[in-house]
Each structure stands twice: as structure tokens, then as C-alpha cells.
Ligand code: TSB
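Read the single chain below, which is given as C-alpha cells and is the form predicted on its own.
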């Protein structure tokens, strides 16, 4: 989809369309008052106070009709510059505009408004010349929005829209929006019973249903097996830590605003942990280590909690409670290159298994001018950043550099993935850390008998299982590969009276080989059951009738195909086992 904010011409057109929307609303709802109507990444919106009235999505066609009427009238859009006193007088009956004007510094700010026909709005501009240029638009949806984003203020009504220079671009964009709606992991998650949410539990606190729990367990098993082969040792640590733990790590000073409030229990003050590195530092410090012991790789599937604004949470993509595929590698300085390469290779191998191809590397560096956000040690930062560059260059990875995006304790490598729809998301991360080992006084005995401080590599291959699952559901439209599907085979007996017993026998045989299978024994027509199997996105559907029962075979249909194949149950089981072992994507 086009990023409207980044296209200057489209941005001006969309901002002008926001004013057209406001004018149409004012015609239909004379009592309406307007807050702000900015351009956003994919169009525009306007926040409106309608008093005790409300606008629903059923009302949008009527507003569009009025917008088209105004557009055809072709009035010029005229800019006026005002003094602060004149602006306050012009908008004296509008508390929202008065609030905006009152906060303007008249010495440094030119106050301007734009008039089109019978409508005038406070605005910096710029705009198109006439309303006649605003032809190809669509109002998309409505929602509520607190004035100034503050839940203590009044709830306003927000109307979203999009505008393009021609009908072709508009239709193309609307088609992409429809595609995005079909791929939305929240819709897929509901349709396939993967997760749910409930305000009694809390915003951003998803509940993984049995199907979702099965998917997540398969992801955990997948990455656990890979990490075991690479020498990782897995641990379990508490979901809380004392405030002193995070003061020691430095997170309390640099990350406190992203944590949930602390809680006092007896003589201790705890916080829900937002990350796992402090716990893993203490596990490393629990024993003495020789240079021969390193690298030590500590992994954990850890539940963490981060405070996200309620308006930012989204399904399982952006949550307040998440499970990280986390690990910390304690290495000697001379091992940084090899270990970093292994992490990059693990990322690439994993992406290959999941068919993820559209990604890029971003090296996140500190802003050397920002002494507040980043630990103030130029030598440490220069050494860490140069180490990562050397490895990436040696490995032949193409990457971009992002100043000011590093963690407070060290530079990091982010792998940004381009989904089928929507903006890029960061899945995998790998961070180099010279600071936390010093803060926790970690050490090992080097070959010369001296005490040395290890370097820590923080890394997460899936990032969080939550975000990865959201991404993969949208990437595949919920058509998961066989090994990851909650239900792998659905058996439909043609007639329960004659074929159900045979279906149950096939089910038991498949289950004995750890195939996830169900039998649809409802008293429904065969065609209806087949459609239901398609809707549930089951990879294989078996149809068992007289022929299959008499010949001790099965007939199967692969998801997405119309043809039916007849084979022996033994051959079918071998086929499934191979696809599961090979992580076949189809």
C-alpha cells in the first residue's frame, strides 16, 4: 500500500479531502465541531464532536454523496493569515479551535485558515487549489477517539478516509485494503479459534485457545530442537524481579516508562519483568567460569510484560503480555565473530524453513549526541559497533544503518520482514552488549589466570511467539503448513451408518503415528462438510465411502485443489510423515 505521508502530492490531496469531509459533515450535522484532521500513513481522518449524535459506517455513503456534491461545485480553496486576536475572535464559538489557538506562540507562528465556499477551518496547509480536484475518495470506517488522546477527556468520533488522483489508484488501494482485511490475523485467529481477548483479563492480554496453543507449542519445539543442536541450555526464570534487579541492569533508568508499575510485597518491591537478560546474568554469575567454558548459551521461552498504550495493542501482534524466544550468549571477545555468524545463520535457516524471503538487515546504532538514552562510554560503543559491521561485511549481508535505534547498552541487528500487506515488522534481533556484564560484575578466568569480563550477545530468532504467529497467519492467510496446522486431517464418512466405523479405524491408525485428525460425524450433507473443511483450512480431507472401505484405502483431497487421490493408508501415512519432517510448504 502507498504511504500517503511520504508522498507529498498525495499528502496535500488527502489533507484537502479531510477538509472536504469536515465541510460535508457540517452541512449534514450543523452542530458539529472539529478537533484535528491530519494525514496518516494510509489516508486521513478527522475527529468530530457531534454532541449527543453519532455517525456509524452506515452513514458514510450519505457523507460521501455530500462531499461529491461540494466537489462538483468547484469552489476555490483560499488561504487567510490571521493575528492570534483575529483567530480567537473568528473561532470564539468553537472550544476545540480556541484550545489550539491558545497554545500557539503568536511571535513564532503564522496563524492561518482555509476557506472553501461556506466552510472555514483553522489549518497550516498547504491544500490543492479547488475542491474540484478532490474527486477520487472513499470513507473507510468510523471509531471513537479521546480528545487529545486522553481517556479523561470527551470521546470524539473519528472518520477515516483515503483520496487518490485517479479512480484506478483508488480502486487498486481499496482492493489492497480488502486483501489486508482477509489477511488480518485477528480475523483469522477468530475464524480458526486460535486466540481470544476479554477486557476482564485486560487489553493486550490475549488468551491462546487450544488451536493456538498447539501452534505455539510446535513453534517452541521447532526452535528448541535447533537451539539444542547448537549447544543452548534452556532455563526457567520468574516473571517478576525486584526493582533493585532492574536498577542494577540499568533498565529502571532507561526503560521504566515501558514497565508496569511496581508492587510492594512485605519488604521487597517487585515489577513484572519486561525482559529476561538480568535473570540470565545472575544464572551465569551462579558459577565460576574458565575461558574454556565459553561460549555459554542460555535460552528461555520467557513470558514478559510491557506497558503498551491501549490504543496501540493489536491482536497478538502488539501485546502487553508476550512470550519471547530469548537467549543470551556469554562469549570471549575473540568469539564474537563466530557466535554472531551462527546467530545470523540460524535466522536465515529458520526463515528458509518458513518460506520467508522478503526481509532486510538493519544495524541499529546509538546517537553519540544523546547522553541520556545511551550509556556514556565512547570506546565501548565504537568497539561494539565496529565488531558488528565487521561480521556483517564478512558474512556478505547487505544492511542499512539506523542512528539512534540501538538499545541503551549496545548496538543491535534487526531483521525487518515485509509482510504480504502493511508496513515492515521486526521479527529477529541480535544485540551486542559490553555493559550489562560489567554492571553484574560477570567474569571468567582467562588462559593467563587473569579475571576477564565476558561479552553478551542478546538474540531472539522468532522475536516473540506472539508477533511471529500474527505475522505468519497473515503471510499464509491461515493456510499453515502440515506440521504447524492444529488439525492436519479431517475425515468425512460418506454415510455414517455404513462408513463411520471405518472412519474411526482410520482415525486411530493416523493417531498412532501422531497425526492430528478429526472425524466429521455430523448428520450433514457431504458437500456441506467439504465446504466446512475448506473454511477451517485443514490441509487434508479424507472422503471414505464404499470403495475405500471395500479396498481398505483412503481418498484424500489436498487443501486448495479439486481433485481426489486414492491410495493405501500406509502410503498416505508415509506421505504425511515426510511432509512433516521436511516442513513442506504448499
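Residue numbers count along the first chain shown, from 1. Computed from a prediction, not measured in an experiment: that's the story for all the values here.
Although not depicted, the form predicted together with the named molecule is the subject of the following passage.
K.L.:
Which residue among 279, 467, 342, 158 has a heavy atom within 4.5 angstroms of the named molecule in the predicted bound form?
P.N.:
The residue in contact is 467.
K.L.:
Of the residues 327, 503, 455, 163, which one places a heavy atom within 4.5 Å of the named molecule in the predicted bound form?
P.N.:
Of the listed residues, the single hit is 327.
K.L.:
Check whether residue 127 has any heavy atom within 4.5 Å of a heavy atom of the named molecule in the predicted bound form, and answer yes or no.
P.N.:
Output for residue 127 is no: heavy atoms all beyond 4.5 Å of the named molecule.
K.L.:
Using 4.5 Å between non-hydrogen atoms, is residue 385 touching the named molecule in the predicted bound form?
P.N.:
Result no; residue 385 lies far from the named molecule in the predicted bound form.
K.L.:
Whether residue 426 contacts the named molecule in the predicted bound form should be assessed with a 4.5 Å heavy atom distance threshold; does it?
P.N.:
Judged by the heavy-atom cut-off of 4.5 Å, residue 426 is in contact with the named molecule in the predicted bound form.
K.L.:
May I ask you to state whether residue 268 is within 4.5 Å of the named molecule in the predicted bound form, using heavy atom distances?
P.N.:
No.
K.L.:
Of the listed stretches (193-201, 221-229, 315-323, 330-338), which one has a non-hydrogen atom within 4.5 Å of the named molecule in the predicted bound form?
P.N.:
In the other structure, the partner sits against 315-323.
K.L.:
Note that the named molecule is not shown here; using its position in the predicted bound form, name the residues of 375-413 with a heavy atom within 4.5 Å of it, in sequence order.
P.N.:
Sequence-ordered list has one entry, 409.
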